[in-house]
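The chain below stands alone and is given in structure tokens; this is the form predicted alone.
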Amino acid sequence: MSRPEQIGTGVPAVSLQVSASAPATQAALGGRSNPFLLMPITLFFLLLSFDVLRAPTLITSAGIGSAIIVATPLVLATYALMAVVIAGRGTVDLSVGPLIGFINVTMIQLHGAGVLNNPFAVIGYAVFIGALYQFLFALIVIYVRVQPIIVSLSGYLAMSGINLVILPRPGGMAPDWMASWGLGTTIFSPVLLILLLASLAWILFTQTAFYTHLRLMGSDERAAYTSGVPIYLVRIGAHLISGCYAGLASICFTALISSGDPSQGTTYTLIAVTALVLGGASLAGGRGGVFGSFLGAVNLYLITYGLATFSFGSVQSFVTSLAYGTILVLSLLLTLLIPFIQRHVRNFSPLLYFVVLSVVALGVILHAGYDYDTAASAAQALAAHPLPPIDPGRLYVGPLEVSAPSAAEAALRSVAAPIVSGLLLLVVLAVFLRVAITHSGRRSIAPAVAVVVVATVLLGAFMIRHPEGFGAAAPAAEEGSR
């Protein structure tokens, strides 16, 4: 037979082979049981626990608000880089940092000239310029047939020089309505809204057929072409998405510094590449996700925050770069254990693993937030009013007696009880769903799962809404005994 055999509706046999191998490809590229998220999740909670113990102010409203405003430009730059990396051909856009800087300096200059003042005009301009640059990038790669790494490196050098021509030194002022965005004193801010909407848009994008074509093209471009995927249109679409996210990253970067800076944006290139690799994405294409990229960018922020608690003097920046490189190398080396994990843990759930470590991290946060303050207050009170010596005869009386909790401890227990109960409830619920879905048919177990889920959610809501409902009888009984 000289050509692929036609079956049924006229679909080539090679198409059926690709479709048949789709589940295996999806598992390899990071579906529900994505083992490549093991490293970024573990690193996130290790760094978070270390930073909270070093500086408990990280978990305050101002600390979280500052983390959001500082980390958001890097997160969005990582999203922008991820879109073209998934497309394959080794398309690592080194010009994403200078592109962010270019949009920043032109936006500041146009605002100073009175052209850009409206928020919708500023956001539209940033997204349009980012998409236009990436569109030209895609046209050169597709039709001129220049290697993507050459185009990105040329764009990096050209944009870096153009930025210095437009704005030789840092200066200018951001729009007045953007000045309050970069304060970072509260958690809820327009920057957080941009981050949430950008992440939600990417999650919705992963549910489309275009995203499936994008991943297939990044994994094997020839197989995608043979299957009928319009690879040129898919590649152009990936670059347009990358440009939109680069524009949003530039807006958040402008809000962070409240001015124009022709050189600061270039630092986002290598940091975004590092964050993408730490998030479990493959630079060869075909694998990457919003959750892993977000964790990779946040991990880099936590590294910087933790090192800032030490005093390295004039070599602070060198120590930070050394930490980036060391953790990146160790993470890549530990990914060699992933085949071993896949052999022994076939149904690894990133969500369940994340929930379990969240409970442990919550304990560390509560300890750092409350126990240190209590210990410091007790030490100060003891220094001000030293206790008299204890009679040795009374030292071993009542070994099982426990002192009554103070008002502060009782308040802490009332606040922590619903949180701990809710997290434990989530762990139990996640384990139940995982076991039920893995070992039973979906149709037969669906009614039972629905009943248990509804009952558990109602119980959790009652415990959170009325935390005193389960412990109200104990004080009454204690009063009666007295």
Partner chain sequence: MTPPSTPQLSLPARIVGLAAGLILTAIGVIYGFVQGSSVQVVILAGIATLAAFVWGWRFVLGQFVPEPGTEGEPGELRGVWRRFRGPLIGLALILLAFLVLSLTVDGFLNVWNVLSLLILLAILVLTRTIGRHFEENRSAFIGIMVLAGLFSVGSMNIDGFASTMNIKSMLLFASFLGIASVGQTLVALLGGLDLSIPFIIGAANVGLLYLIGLGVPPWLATIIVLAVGTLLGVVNGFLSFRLQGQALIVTLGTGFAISGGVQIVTSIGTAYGGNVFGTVPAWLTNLSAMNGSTLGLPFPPTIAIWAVIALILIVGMRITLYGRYLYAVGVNRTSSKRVRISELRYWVMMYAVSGFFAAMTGSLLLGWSGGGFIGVGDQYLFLTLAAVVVGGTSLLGGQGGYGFTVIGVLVLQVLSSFLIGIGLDFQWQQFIFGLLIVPMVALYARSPHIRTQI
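Numbering follows the first chain given and starts at 1. Everything quoted here is computed from the prediction, not taken from an experiment.
If you look for the form predicted together with its partner chain, you will not find it shown, but the lines that follow are about it.
- In the model of the complex, M107 stays away from its partner chain, with no heavy atom inside 4.5 Å.
- With a 4.5 Å cutoff on heavy atoms, Y324 counts as touching its partner chain in the model of the complex.
- Residue contact check for V329: one or more of its heavy atoms lie within 4.5 Å of its partner chain in the model of the complex.
- In the model of the complex, E221 approaches its partner chain with a heavy atom inside 4.5 Å.
- Interface residue among A407, A113, L336, A209, judged by heavy atoms within 4.5 Å of its partner chain in the model of the complex: L336.
- Among V364, I140, A198, V356, the residue placing a heavy atom within 4.5 Å of its partner chain in the model of the complex is I140.
- Only one of 142-150, 236-244, 251-259, 128-136 places residue heavy atoms within 4.5 angstroms of its partner chain in the model of the complex, namely 142-150.
- Each of L94, T266 and A281 comes within 4.5 Å of its partner chain in the model of the complex, counting any heavy atom.
- Using a 4.5 Å cut-off on any heavy atom, the residues of 223-241 that reach its partner chain in the model of the complex are, in sequence order, Y225, T226, I231, Y232.
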